[in-house]
Ligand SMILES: NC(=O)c1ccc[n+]([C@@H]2O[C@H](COP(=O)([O-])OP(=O)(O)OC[C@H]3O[C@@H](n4cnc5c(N)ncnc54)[C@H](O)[C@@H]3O)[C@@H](O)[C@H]2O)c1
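A lone chain, given as structure tokens: the form predicted alone.
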Amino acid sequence: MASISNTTGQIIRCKAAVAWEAGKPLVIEEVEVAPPQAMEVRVKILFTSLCHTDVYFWEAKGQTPLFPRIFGHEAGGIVESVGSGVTDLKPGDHVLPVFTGECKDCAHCKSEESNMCDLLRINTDRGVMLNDGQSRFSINGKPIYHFVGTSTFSEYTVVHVGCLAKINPAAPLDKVCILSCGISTGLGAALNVAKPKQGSTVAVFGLGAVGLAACEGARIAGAKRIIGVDLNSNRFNEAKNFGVTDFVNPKDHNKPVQEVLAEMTDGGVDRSIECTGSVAAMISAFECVHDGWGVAVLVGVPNKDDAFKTHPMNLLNERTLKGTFFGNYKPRSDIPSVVEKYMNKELELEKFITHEVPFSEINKAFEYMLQGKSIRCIIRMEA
């Protein structure tokens, strides 16, 4: 850590993958990373991975485009230096940056029932730091925007202390880095929100990374039957590795998929978890749960103008509809224990990691995801 301590308080020049415009390949550039200010931490990123959210905002379809920008929000790294007021992290600590935060002071952070911090909740439009409304990244004096407070496609980044989970230094960062977004979201949707009972039946809509993590959570919880629902039948074989026992492709049936599931399960599943963001899937996920005790959990993020309708009797017949954000995990308080689940071999992460590339080939990670080939691609920053 000697070399790291020599950079405290100084501007660091390092490589970052910059998105100059929507949908165009990222360019590896030398950027200047300013020192952390009050309540901020500068982190040396060792491993990052590509999440579909990065691709969605890089394509800039349907949201406010903000470029040039450094994307990336699933990562693992080591604290290089801390700004004033930071007391619970020090140089050398191992951390996972998280796209949402935990200030520990607001009503949400003080509530046992919420993880939606007032101060640090995700903001996809903000490309600057909260402290002063400025970016910590620049090229020749020109600011480069941040992404969801993390910007991990850079060898060094600056993050608010409330968005960093301090983890066991023995945990391999090239594996646990994927816990900082999608995998924890799906896992927590099952374990913290749906809470399937031992021997129960669970339907999971969408078998991407988040959906497979939800399947994994249902498996860990002891679900006896896990039904994967996806429009791509090729995903079933892979999904078996995550506990999926049955597969339904809605396109193979001439009736609503909720009716198909009700017939398969003697009236409906005990729990359903929707991980697509499709309004049609949300309706199906709610209407396929059993009356009297069924619980449906919505995870997928819909388009901003979306709305769905269902008959109120579906609720009056004692079905429950819930939503979740980041699997109901508080980043600083809870993610370290999820890392311990992996360390204790209660949670398998290797099967989510399908590809690895060196930082210089980061655009390959985008190709793998756009082609539907990868669940998670690890990007090695020093390679």
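Numbering starts at 1 and follows the sequence shown. These numbers come from a predicted model, not from an experiment.
Heads up, the form predicted together with the named molecule isn't pictured, but that's what we're talking about next.
The partner is absent here, but in the model of the complex a heavy atom of 206, alone among 72, 77, 149, 206, sits within 4.5 Å of the named molecule. Site annotation in the model of the complex: the residue of 162, 277, 268, 243 reaching within 4.5 Å of the named molecule with a heavy atom is 277.
The chain is drawn here without the named molecule; in the model of the complex, the stretch among 311-319, 343-351, 40-48, 325-333 whose residues come within 4.5 Å of it by any heavy atom is 325-333.
For residue 301, a non-hydrogen atom is located within 4.5 Å of the named molecule in the model of the complex, even though that partner is not displayed. At a distance threshold of 4.5 angstroms between non-hydrogen atoms, residue 67 is out of contact with the named molecule in the model of the complex. Residue contact with the named molecule in the model of the complex: residue 185 places a heavy atom within 4.5 Å of it. The named molecule is not shown here, but in the model of the complex it comes within 4.5 Å of a heavy atom of residue 211. The three residues 56, 229 and 235 all sit with a heavy atom within 4.5 Å of the named molecule in the model of the complex. Within 4.5 angstroms of the named molecule in the model of the complex, the stretch 129-164 places no non-hydrogen atom at all.
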